[in-house]
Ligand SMILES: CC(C)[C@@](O)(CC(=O)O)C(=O)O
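Next up is one chain by itself, shown in structure tokens, the form predicted alone.
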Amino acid sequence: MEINDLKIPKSDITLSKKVKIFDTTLRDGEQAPGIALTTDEKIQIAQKLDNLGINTIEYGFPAVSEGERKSAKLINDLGLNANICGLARVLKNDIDALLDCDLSYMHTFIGTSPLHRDFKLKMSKEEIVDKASSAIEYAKDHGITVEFSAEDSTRTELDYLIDVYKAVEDAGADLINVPDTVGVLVPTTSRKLISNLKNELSLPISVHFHNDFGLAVANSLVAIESGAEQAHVTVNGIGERGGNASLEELVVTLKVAYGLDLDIDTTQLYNLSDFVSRVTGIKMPPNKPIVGENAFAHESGIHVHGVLENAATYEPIAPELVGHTRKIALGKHTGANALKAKLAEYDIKMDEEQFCTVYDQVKGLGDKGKSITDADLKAIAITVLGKAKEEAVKLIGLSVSSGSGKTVSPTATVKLMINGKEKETSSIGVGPVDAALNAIQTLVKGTTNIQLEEYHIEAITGGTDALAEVFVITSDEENNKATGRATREDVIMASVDAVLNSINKILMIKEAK
């Protein structure tokens, strides 16, 4: 089945000919606790939104501070294609502050629900209507576009809500906005409300839905199906409490499932999301739809096999549509096909025995709860490729204890199989690694006398569970030299494996001579 087969039949819904996107990341998004954008950050986000193709950018609230007014003027002077909108209460001072910034688009609001009338505003229904109408008339006298919101409209009596909207229509408003201020709508009530308003009003309807129940995008889609011509969104869905309708989720759904041409460059969505996440400090969960790190990541062997044959088997859209990339993750669910594809991606060639060794190590690390990064895989593969083909010396067992002070010394007990014979000894050292290597040197003395010339250790990735990659160079009494490399989650074991690997290479050199 193709995605086109699942597109919403336009005969079933009342879609507007043109749906507009109103972004309020810089205003409502910034109202999320802990976010405080600088003027430069606001400018950069505004430019990215404009490049994306957003119709209207709500930059902030001019009456709040001098900094907000400065930002508004600077953004307005950029000459962006998008409308630059400012928020204002239905107060003359708020509107004057907006006009002082030379903005030509105003989003104004007043609460209309019983809760807002009785507890916040302490105003009658008539007073609220008069206040809203007077403010809109004042703004229209100054020649600006006005979008009016009845705050908490979804908990306002329907008859009164219609009266308010009709009054602002008469006062000259250009759009009405329906805010679900505390996110209480569900798709059924969203459809009912917007359909009722469409039947009663002549102005274009915009919606501003919050995500308290996780339904902001779904409610916005149903509102658009019911005739709404504009939707308010924020990048990554950031905003107060549970946030707002997510820009990237709504836009991609409208494009893919509804077949709407929004003139939005969706290939910029991932980079925009990442930038906003970084400057706001709000990290996106890996499973965030469209832009999350796991949105196009696959680990399960069954899924990876399908994706490698045809990505559409387990992806609704191509990651390139939103500027993302596909990732094959490695872990306990990884299959052979995924691992082979990863090795091929890095042009690492190995025989079947070497591949099985890498595969077993990856699965083993996954079983321990570790997620294997690309850097981990490369280190493991390179270690296996560099391993001696013949192992005259093998590790049978290792026990170490650390210590400090004059009474307790770090000690290691090592048991090796050397040419078919088991040997065991204990040694002390300045630390457990040194003690283990001293024990190995003692055990192999009858076979070869080795000296450790170089020892390097590196954590492949961050964290206390990072894989340790150890690289050594050893030499013997005949000045034969060999390198050894090992990658393990245990630093001591990695060190021992690397040294034994180099010893086996030296023994192969001696045998060849």
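Just count from 1 along the sequence shown to find any residue number. No experiment lies behind these values; they were computed from the predicted model shown.
The protein also exists as the form predicted in complex with this ligand; that form is not presented, and the subsequent description refers to it.
This ligand in the model of the complex is approached by Arg27, whose closest heavy atom lies within 4.5 angstroms of it. Remark: Leu269 does not count among the residues lining this ligand in the model of the complex, judged by a heavy atom distance of 4.5 Å or less.
In the model of the complex, this ligand lies farther than 4.5 Å from every heavy atom of Tyr105. Although the partner is absent from this view, Ser149 contacts this ligand in the model of the complex, with a non-hydrogen atom inside 4.5 angstroms. Of the residues given (Asp212, Asp434, Glu169, Glu240), Glu240 alone sits with a heavy atom within 4.5 Å of this ligand in the model of the complex. Only one of Gln44, Gln31, Asn51, Asn480 comes within 4.5 Å of this ligand in the model of the complex through a heavy atom, and that residue is Gln31.
Although this ligand is omitted here, in the model of the complex none of Thr383, Ile460 and Arg485 has a heavy atom within 4.5 Å of it. Of the candidate stretches 357-365, 407-415, 195-203, 106-114, only 106-114 has residues whose heavy atoms lie within 4.5 Å of this ligand in the model of the complex. Residues Asn177, Pro179, Thr181 are the members of 169-188 with a non-hydrogen atom no more than 4.5 angstroms from this ligand in the model of the complex.
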